[in-house]
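Just one chain follows, in the form predicted alone, and it is written as structure tokens.
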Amino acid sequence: MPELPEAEANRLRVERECLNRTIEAVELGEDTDYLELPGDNERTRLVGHQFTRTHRHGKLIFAGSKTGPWIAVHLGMTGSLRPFDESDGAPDYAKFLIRFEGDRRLAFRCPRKLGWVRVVDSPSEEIARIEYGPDALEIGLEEFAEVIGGSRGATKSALMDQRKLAGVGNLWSDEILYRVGIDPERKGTNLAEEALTDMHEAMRDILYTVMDTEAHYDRLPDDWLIHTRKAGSGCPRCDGTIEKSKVGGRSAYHCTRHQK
């Protein structure tokens, strides 16, 4: 599922290829009954406007202008934003399409459920409305330690709770805990101050590193969990074995030796 770095890569594509172009039409694709997409009136609001800026908060992507309106996009499990030219044809599974003046188009591609697009007045209002927590790259150490260290549940679950911390999901929570050697089921209240400091630093380093590759995983360091994130694999950092478990109803991968 796309998380903060993947959302940032999608935001960058929109910023590079779709700004300062007048919107001529906004259309829905086929088989969209299962998705939350803007209705006729909301789509009409976008016509005649330009996207002049983009924004990201956690896993949410925004494109709009100072006075609005904006689109707010959640990529769900497999969604992506795909700029393209009319002559190249729309990508498959295009569920929402913006036609800019000229040949440029922007498609929301979503092969599976859970993604959505909304027309909103401002990013800040939408973030507040859905009660997302601070962005994972903007939260300071003190607040991070309070939020994660104050959790009575599993640390992995706390990292993934978007109302506590926006942007970290299943994949990168595993990577963070793997880096700092903490068992995903360990309670936040059982973490020492030093462990919370290390976790905050690791989270920032991991997310920024993935962002620098624009979410191309093959460019990440060889000793990262992502390359051996499979039950029974050997741990690249020690002689342990990677184990799969369930934490808070979600899959978790961790090393049985160095994560305590």
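No experiment lies behind these values; they were computed from the predicted model shown. Heads up: residue numbers just count along the shown sequence, starting at 1.
There is another form of the same protein, the form predicted in complex with the DNA; it is not shown, and what comes next is about it.
Enquirer: Thinking of the DNA in the model of the complex, which stretch from 165 to 173, 117 to 125, 136 to 144, 80 to 88 has heavy atoms inside 4.5 Å of it?
Expert: Selected stretch: 165 to 173.
Enquirer: Three residues, K113, S151 and A154; all within 4.5 Å of the DNA in the model of the complex via heavy atoms?
Expert: Yes: each residue has a heavy atom within 4.5 Å of the partner.
Enquirer: Would you check, heavy atoms only and a 4.5 Å threshold, whether H74 touches the DNA in the model of the complex?
Expert: Yes.
Enquirer: With a 4.5 Å heavy atom cut-off, would you call Y34 a contact of the DNA in the model of the complex?
Expert: Close contact exists here: in the model of the complex, Y34 approaches the DNA to within 4.5 Å, heavy atoms only.
Enquirer: Would you please decide whether G248 lies within 4.5 angstroms of the DNA in the model of the complex, comparing each non-hydrogen atom pair?
Expert: Answer yes; at least one heavy atom of G248 falls within 4.5 Å of the DNA in the model of the complex.
Enquirer: Residue-level question: is Y208 within 4.5 Å of the DNA in the model of the complex, judged on heavy atoms?
Expert: So Y208 does not count as contacting the DNA.
Enquirer: Going by the DNA in the model of the complex, which residues of 205 to 242 come within 4.5 Å of it through any heavy atom?
Expert: Y217, R229, in sequence order.
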